[in-house]
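What follows is a single chain, given as structure tokens, in the form predicted on its own.
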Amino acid sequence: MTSYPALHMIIDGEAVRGGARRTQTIVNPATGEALGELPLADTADLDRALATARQGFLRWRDSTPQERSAVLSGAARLLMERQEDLARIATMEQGKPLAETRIEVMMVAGLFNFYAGEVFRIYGRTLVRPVGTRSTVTYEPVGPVAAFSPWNFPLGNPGRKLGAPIAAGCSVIMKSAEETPASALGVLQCLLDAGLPKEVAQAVFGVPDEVSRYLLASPIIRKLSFTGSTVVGKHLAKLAAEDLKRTTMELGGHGPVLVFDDVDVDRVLDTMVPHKYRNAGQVCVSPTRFIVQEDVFERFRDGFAERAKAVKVGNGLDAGTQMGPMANPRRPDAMERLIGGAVKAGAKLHAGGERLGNQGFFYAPSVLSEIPLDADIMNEEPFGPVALINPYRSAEDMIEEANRLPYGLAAYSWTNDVKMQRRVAREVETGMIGVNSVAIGGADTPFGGVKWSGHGHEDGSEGVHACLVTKAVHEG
């Protein structure tokens, strides 16, 4: 069995350990037991990381596509060689089942392999000009990147934050979530072991507001990449605006799922219920508001509740576990507040609505229906294992509800009517939509939202271009 590793930061290739630094205890969310102590950066650490990132950018911006491709493809190979160890560490830290963390390793490896090819496709263009003159458009790396990632995908999020800047020729200072540090360090170590110069990527941890303010106040940092809540994203965007730093913001969602009355209800349920309770609902693109046409509402609601009650909840390391614990004690508290408030407001509870066990942070897969629209849970991202199911009469009403909130990250729609499929895809305000599918992501697919769900994209060619600036060169 994989043991939990000793924790550190990585600055200029050095494993920076505790010493006199403050530390944070890392807890296994399935048991509540301490896994280790994480050193937190002080200002001297951050100054060193900034100076190193500056030197790393001067080195890496002149790297060849062949160099960058070799590092990324080499890291992908190492990720797959270390898949089981990385997956077990991520499950110990974050709680999700091993089947899900194994997929995360594959996701990062796939992204690195895609970027290993994309580095050869950073094309400029030559403009048509009179003989004797020449005008070109080129793309250059933006500069050192500050990248902040959350705990819900402890391997996947660091992979996204590291892969795109490295592919573009930037250096990066990564501050991943303090709840899941060993997973992020494992991803970065694969890049370093694959030949990434030690100055190019750093990993620091600390008090989030202290670290973000310090890094974003530095003129060395030229871009911010953040994944997290809308509230924190707005705060960081204001800090970045002081120095007009480029930003990519992947923020919160409240995923609508439109279910029309012409569908095979059981097929939809068999697909959507596992997707709802994936990672205990702690997914920014999680399907949350089920907007169901009246004629199939009762069948859909009852079938959803039946399947929710059958989900096997347990330690993510145990065979057969389908849903693990929530990642920290704040999340069950939030579930109790939001579900309890909805029931008091008149919503009907069909499954769950309670904590499970006497250790760890487990919460039962939950189903609510007929929830008043002014209940907090209908307006605030629950980020947990709860499905919200309401009936609607017409397509117009369903689309209006899908667009009611200021969020627009991911949406889903189920109908066999081709005209309705295209109408929903056109009219629902979202960055990504799955039509009769939950497969809305991929290494070659732009990932990002609209409205309060953020701006910019990760993954795909768009992820690399988010780390580039455009230059027009005119020669007489």
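Heads up: residue numbers just count along the shown sequence, starting at 1. It should be emphasised that the depicted structure is a prediction, and the values quoted were computed from it without experimental measurement.
FYI, the form predicted together with nicotinamide-adenine-dinucleotide (NAD) isn't displayed, but the following is about it.
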From the list T247, S229, Q83, T271, which entry has a heavy atom within 4.5 Å of nicotinamide-adenine-dinucleotide (NAD) in the predicted complex? S229
Would you kindly say which of F260, F383, F361, Y277 lies with a heavy atom within 4.5 Å of nicotinamide-adenine-dinucleotide (NAD) in the predicted complex? F383
Since only the chain is shown here, I'm wondering whether P197 would be in contact with nicotinamide-adenine-dinucleotide (NAD) in the predicted complex (any heavy atom pair within 4.5 Å). no
Within 4.5 Å, heavy atoms only: does H350 come near nicotinamide-adenine-dinucleotide (NAD) in the predicted complex? no
Within 4.5 Å, heavy atoms only: does L251 come near nicotinamide-adenine-dinucleotide (NAD) in the predicted complex? yes
In the predicted complex, A109 touching nicotinamide-adenine-dinucleotide (NAD) (heavy atom, 4.5 Å): no
So if I measure heavy atom distances to nicotinamide-adenine-dinucleotide (NAD) in the predicted complex, which of the stretches 368 to 376, 123 to 131, 71 to 79, 323 to 331 falls within 4.5 Å? 323 to 331
Would all three of P150, K175 and C284 be in contact with nicotinamide-adenine-dinucleotide (NAD) in the predicted complex, where contact means some heavy atom lies within 4.5 Å? yes
Across 85 to 113, which residues bring a heavy atom to within 4.5 Å of nicotinamide-adenine-dinucleotide (NAD) in the predicted complex? none
